[in-house]
Every structure is written in C-alpha cells, then in structure tokens.
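Encoded as structure tokens, the following chain is the form predicted alone, with no partner shown.
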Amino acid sequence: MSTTAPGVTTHTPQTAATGRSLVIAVAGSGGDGVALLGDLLLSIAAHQGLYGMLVQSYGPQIRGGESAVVLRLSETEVAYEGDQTDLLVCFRTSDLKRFRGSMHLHEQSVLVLDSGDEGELPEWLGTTSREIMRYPFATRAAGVEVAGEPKNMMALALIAKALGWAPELAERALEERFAHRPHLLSADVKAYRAAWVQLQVPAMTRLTGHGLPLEVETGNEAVAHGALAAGLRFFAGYPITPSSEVMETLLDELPAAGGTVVQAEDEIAALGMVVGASFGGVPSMTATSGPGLSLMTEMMGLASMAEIPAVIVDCQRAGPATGMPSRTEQSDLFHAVYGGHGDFPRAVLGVFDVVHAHTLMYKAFALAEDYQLPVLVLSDAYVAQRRQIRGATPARSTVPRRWRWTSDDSPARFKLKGDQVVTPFRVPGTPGGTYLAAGIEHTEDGTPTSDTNMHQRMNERRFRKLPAIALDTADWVRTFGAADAPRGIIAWGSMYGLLREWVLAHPEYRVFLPEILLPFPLDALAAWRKGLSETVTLELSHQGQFHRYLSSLTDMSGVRSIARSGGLPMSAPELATLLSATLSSALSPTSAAAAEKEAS
C-alpha cells in the first residue's frame, strides 16, 4: 500500500446534542459493497454502545448505478446525519458527481481516494488542509479495472483502524452477517486482515460507547415492529420503493406472532384485503408509497364509510408519477388529508425518525381501533431507508382493543346514543350481530339509501369522530428551544432530526412539530406561537403543501413559507441560507457569522 498521508494526528469531531460525534461517508457504485460496509460499521458501533445513524443514497437503476452512505457515530442519540464529513472514502472520483449535497469536506477532513484514480474532485465537495490519502482499492490490468479484492473490506479495515477499534470487532460483525455463507466469510476476513496489516492511517478521535450493545433498525423495520407491538395480525401489501422492507420484515416476524402476511397482486387488492380482514375483527395494515396510495384511495373511502379500522403507511418519495423512487419528499400531504371522492373522515400522523416510529404506530392502531376509521401514517424515504442505532423501546402493557358488540347493545349498527362517536363493532359470526356493511350510503341500521337528508345526517355522524380525536390528541406535539425565543419554525415529519440540533446552536429559534396532522393540534399551535416576532413553515414540497394546509385551518398571516422539492434532505447550511433570505433579521450576529461559515 502507498499513502501520502502525513503522520498520525487527532481530529476534533463534530458535537452531537450532548456528546462527540463523527461523520463518515463512502461513495462508489453498485457492486462496490458500499451499503454492506455502512451496515457493518453501524453494527460494530452498536455492539460498543455507540449511537448513530446511516443514510444511504442510490439511483433508480435495477442493477448497478451510484451508491453512497453517510454514517454518523455519536456518544449520544442522534437523529440527523450531520453536515460536514470528517472521513470520506471514495472508490472512484467519477461517482462523486451523483451525490452533490450529500457530503461536504471541512478543513480537517480525512479524504481517501484510490491510488490509481486521476479524476478531479468537484468544487462543491469543498477542500481539506490535510494531504489526500491514497489506497489501491481497485485492481487494474492494462489500465482497466478488473475483479480483485473486495473494496469494502479494504475500506472496513481502514475506517476501523482510523477509529481505534480492535480488529476482532469487525471480524465478529462479519461472522454474524455471513455465518451461513462460509466461503464468502473466509474471503472477506482474509481481505480485511491483509488490509489491516498494510494500513497506516491518521487517527481520529475515539468515541466512547457505554459498553452495552444497542439495537440497529431501519425506519421500515421500526414501523413493522411498532405495528406488531400494537397488535397487528394481518398485513397485505405490494412491493414498492421505499416501503418494501415493511412487508419483508413482517413476512419474517408476523407469522410467529400468529398473524398473516399476503403479497397482493396490486395496491387496490392489498387495501381491499386489509379492509376485509379488519371487517372480520383482525387489526390490519398495509404499507405503500405515493403511486400505491393513489390506487388505494377508493378503498380508503370504503373503510371510512363502512367504519372499518385500517392503518395505511405511506413512505413518501419524490413525485408525481414514478418521480424519483429512491429520493425523499413530503409531497403526499395533500393526498393524505384531502384525497378521495366525497367527504369522509380519516386521521393522519407523521413519523419523525426510527425511534419515534414505534410510539407512533401504537398511536395509529389505537386511533383506528377506537374510532373505526382509516389512519394514514406518513413516513418518507429519508426515514424509511435510514438505519439508526436506538436504545430499548418503551414496553406496552396493553394493545388497542376494538369495542365489540354484544347482544345487550343496540340492534342498529350505526345508531349513536348520547355523546357516542362510534358504536360497538360487530364481527361477522357474532350471534345476532348480522348487519349490512355496504359502501353505499346507508341508514343507521345499514340499509342502503338515497335520501339526501339521511346523507347529511350520516356525514355529520361520521365527522363527529374528528373533534373527539382532536381532544384525545391535543398534546401530540413536540417542541424544541426556549419558550421565549422570538423566532419560530413550524415543520413536520423527518425535519425533526435537523431541527432538534438546530435550536441548540441557534437559541433565538423555537420549533413546533406535530405528531398528528389531521385533526391538527390547533390549540397547541396557538399557545406555542405566543410572543413570536417571526415565524416560518419548513417542508420538502414544491408548492408548500404544509403551509397551504395550515392556512386553511388557522390564521397564518405573517408566517413565511420555506419549501423546496425533495430529493435530498435539508441540511443546516441550507436552512441557514433560506432563513437569512426569508426573514428580515433571521439570525443574531453570532449565529449569522456561524451560518455564513457553514454555508461557505
């Protein structure tokens, strides 16, 4: 191995919420093993009691194409991957152009390139004062790259050694991953050991974990596990990026819990099966992305009309149409809160991150089962595809239970008494509980009707659920920052991680993030807004759907909208720039100077 790196030096890492952290990026192409490398590094960190998260970026190709991971390791829990890259390993410089905005060098960044790569680095990447380190990742014959030692195992040794990890930690992670494939395991371990012996790398600050192993989970896995804990017993779905791992996880784990998973022929059939299973009294769910949600909309209306619980998870991606399947966006909000023909109630929730998904899925099933209506859970590609190290999830002593009909209850399925908003649910086969459950408008006993007065009464009856839900969910919000901070940011969903850390460095801001989007917690928002001099909404939607939606619910005069199309998540330097351009005096002199330095 040859290297032009200087002697061993120590790098001061970025600071997490209350501890030190490091940001590591690896860029390559399909076949380089970039995603596997990221998973292994996160697993090794979790075994040591370190926290962290990994965000993967890849193209829409079925095979090959670009691939990169950005990994942040920390001594404390994090929900944001950071803005500046402390260590960048690039297998070929030509791949970097596909990841503009995903990684940025700073003055003390360690940059590792292939020793035979003569390509130029893009200007947007930034520069480091350190000498570039070279390592022969690629095997070449007559100047052409050919199959050789696995690049990801070489990079695994390089990164592990730079972080001061014991060599056996990586070998243990490989054994756990490939115990069922001994020939592959032997080749990878051999390549890893050879690279470890040859390497001379600059040391980076060693992070100290608490020593107790932690769990690694993707956003989609967290959604599946949260649903299982909430009592899910039937899932039907159709694979679609970026939601497919929800179904894959449940295929492995739901049968053992006594449940059933069906891969339907399309999204329409999937939600039809969910509604049918729920009609039979079984807590049921599906997961999809924007194009699939479009197909499910008619069945969603049926669930609301027939008052049948259903949970629908939408992992948003950049749209419309096929859009950018592997890229994130927050542009399905209008569809979630307004989509469908006619008037029908539904509840809509928004996922913050991997840890939050467990709690939110419990809440989704509780609302669906208690109020007998469809509940949409909006995740997105940024949350769904990330891997995050988490601590123990809160144990639930109970799971949501539907109010069941008995012979002592009213014989009319949809007739409310007093201040009721739902009636006992009749499961088919219950003696004396037979009723009509058509999707057509009906009377209180389920008989189809075209009487316009009855249609008005039944709409009023169904929509009585939303004020009741609003009372139950009035405190389903999270706020950050000082209560008397003069400037406010209203956001939702996966903006959570960025904003949770933003307010630590910018004390003049406070943040409002709702867990529930419909019905919206308006009283909590009004209380939070008191004393604000300037406020913005923040979202990844070209037309500012979140801002427009809030404007339809409450007075938003004076609140400015910061919105852009999705693709990449928003970064702190970008946010600083947008706030400076939007607000009259967005930053204090100290914060403004810091923001200018970050943006440059």
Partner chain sequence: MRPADLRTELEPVWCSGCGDFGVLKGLTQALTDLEVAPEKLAVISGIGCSSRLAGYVKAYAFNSIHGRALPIATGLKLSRPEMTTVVVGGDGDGFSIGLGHIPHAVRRDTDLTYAVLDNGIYGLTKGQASPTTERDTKRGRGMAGAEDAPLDPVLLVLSSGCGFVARSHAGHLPHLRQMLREAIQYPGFAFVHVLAGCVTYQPKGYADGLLEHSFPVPETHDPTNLDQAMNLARDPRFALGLIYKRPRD
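Residue numbers count along the first chain shown, from 1. Computed from a predicted model, the values in this text were never measured in an experiment.
If you look for the form predicted in complex with its partner chain, you will not find it shown, but the lines that follow are about it.
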query	finding
Among 272-280, 101-109, 118-126, 481-489, the region lying within 4.5 Å of its partner chain in the predicted bound form by heavy atom distance	272-280
Listed residue (Lys161, Arg404, Arg464, Arg457) with a non-hydrogen atom within 4.5 angstroms of its partner chain in the predicted bound form	Arg404
Option touching its partner chain, based on a heavy atom within 4.5 Å in the predicted bound form, out of Leu522, Val427, Leu184, Val421	Val427
Residue contact check: Tyr371 to its partner chain in the predicted bound form, 4.5 Å heavy atom	no
Contact label in the predicted bound form: Pro394 to its partner chain, heavy atom within 4.5 Å	no
Interface membership of Pro448, its partner chain in the predicted bound form, 4.5 Å heavy atom rule	yes
Residue contact check: Thr260 to its partner chain in the predicted bound form, 4.5 Å heavy atom	yes
Contacts with its partner chain in the predicted bound form - residues in 512-537 whose heavy atoms fall within 4.5 Å	none
